[in-house]
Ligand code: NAD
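Heads up, the chain below is alone and in the form predicted alone; it's given as structure tokens.
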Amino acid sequence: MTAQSPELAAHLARAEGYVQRYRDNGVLNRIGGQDMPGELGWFDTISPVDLAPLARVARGGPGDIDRAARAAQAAFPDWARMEGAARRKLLHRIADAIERRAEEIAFLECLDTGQALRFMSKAALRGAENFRFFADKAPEARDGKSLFGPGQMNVTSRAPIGPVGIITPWNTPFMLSTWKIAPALAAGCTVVHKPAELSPLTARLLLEIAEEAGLPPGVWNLVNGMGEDAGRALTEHPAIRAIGFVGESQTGSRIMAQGAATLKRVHFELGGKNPVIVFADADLDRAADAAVFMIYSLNGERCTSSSRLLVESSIYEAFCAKVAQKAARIPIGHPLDPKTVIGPLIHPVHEAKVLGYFDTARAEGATIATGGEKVPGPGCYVRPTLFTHARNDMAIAQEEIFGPVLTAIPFDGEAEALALANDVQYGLAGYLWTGDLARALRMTEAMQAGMIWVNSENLRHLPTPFGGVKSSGIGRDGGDWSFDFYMETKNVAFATTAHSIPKLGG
């Protein structure tokens, strides 16, 4: 653990100022531009740093969701009719306001989630970037194509689908909220947002920022609560036309079932057990740095983390030793300390889940090369961990642990590497390190993943599609792929010749 520094002390003092209003007033729902309590009372959100309460949060229920859905429905016609250029201007104002409150967003995110400041300091900038990207696409959101057939011209166009429900996770809640909500607003949809109950603070702040920037009441509504109460009511509500969800695969399956009666469109970004494949001809120093970054940054609590390390047998021992040395030196500490890389996991229940895999790994015969234990003291701190001499049929290789835990497996040749990479239920992301271009082309064509990075960590380019296959999701975010979800496509066919029409009945 890092010792308290003057920088940490100053950050703690400022963070306390930011969180105080939530301690005083609670985190209220926001429906139709009005603050509202939850019909089911309150629940407490705690900080994983020391398990102390941060604030009371309104616990919404079906009645609150109904009010929010009706508010979104009432606001939809005017918002959908607004010119794309006007929506662009408004979304840019939201981005400007996000940037002005960057420190407040980052500090609240650190206290609420346990994520380190070095990563959360970029949360506001990334969120603003998401709003700017989709703001600039708003004027073209309704554009389509002209398609010519024999004696016919077809013209396609797009229109916003209607009020949509957005359910976001607890790991990087601010950034992921902007990633889902910005394209919905740019498309002309209205929104009911249910954030994860474990990290509700920045969702409330984000909506306040949007309304202060001029977003009309009811266009964006916020209802806090539990999945079994507010979440289920949202996925079942007949006024909600689509559900965008980021979270666990099993929860996605339940949401799909709950929305089936109303034929809801769904977009799921779900779990992952993503391989990073390292061949002996790769730049091994860069590959080791990338592998360490992609599993131990953000406390390992992200869907695209490279949680399975597949290494060619001839370099397996040396490469794993290099990764273990790097992991053992990663600073662990308070998330507001600028030196911290790994902070506490989100909640004691999640911490217990992660710690449980250490006993499972030992029982299955894996070696713990580094870590494998809780950090003594208060809070949900777990040491960065590397399992070696693992097999792909072990639980630590098949199940999403969602923590700073890496499982290393050796392979011999391309065929075995590919078989290991694909032999999981997930297919979100993959990472490939090799100096052989032809091999990279062969491997990436056959890997079962929605996104693959070659000789790189996860570097996002916003116009590209983001999403997975198999149990990792349905649909794609990014660029026009987001509009494909939030909009309906219409085709109008114009006859350009007097073609022969079949005659029935004389």
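Small disclaimer: the values here were computed from a predicted structure and weren't measured. Numbering starts at 1 and follows the sequence shown.
The form predicted in complex with nicotinamide-adenine-dinucleotide (NAD) exists for this protein as well; it is not shown, and the discussion that follows is about that form.
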Counting any non-hydrogen atom inside 4.5 Å, which residue from Ser121, Gln398, Gln258, Gln73 sits next to nicotinamide-adenine-dinucleotide (NAD) in the predicted complex? Gln258
Sole residue of Thr370, Thr388, Thr168, Thr340 within 4.5 Å of nicotinamide-adenine-dinucleotide (NAD) in the predicted complex, by heavy atom: Thr168
Can you pick the stretch from 122-130, 209-217, 168-176, 312-320 whose heavy atoms fall within 4.5 Å of nicotinamide-adenine-dinucleotide (NAD) in the predicted complex? 168-176
Tell me, yes or no, whether Glu228 is in contact with nicotinamide-adenine-dinucleotide (NAD) in the predicted complex, where a contact means a heavy atom of each within 4.5 Å. yes
Quick check on Trp453: any heavy atom within 4.5 Å of nicotinamide-adenine-dinucleotide (NAD) in the predicted complex? no
In the predicted complex, Pro183 touching nicotinamide-adenine-dinucleotide (NAD) (heavy atom, 4.5 Å): no
Are any of the heavy atoms in Thr235 no more than 4.5 Å from a heavy atom of nicotinamide-adenine-dinucleotide (NAD) in the predicted complex? yes
At 4.5 Å by heavy atoms, is each residue in Pro275, Thr360 and Asp393 next to nicotinamide-adenine-dinucleotide (NAD) in the predicted complex? no
At a 4.5 angstroms cut-off on non-hydrogen atoms, which residues of 279-307 are near nicotinamide-adenine-dinucleotide (NAD) in the predicted complex? List them in order. Cys303
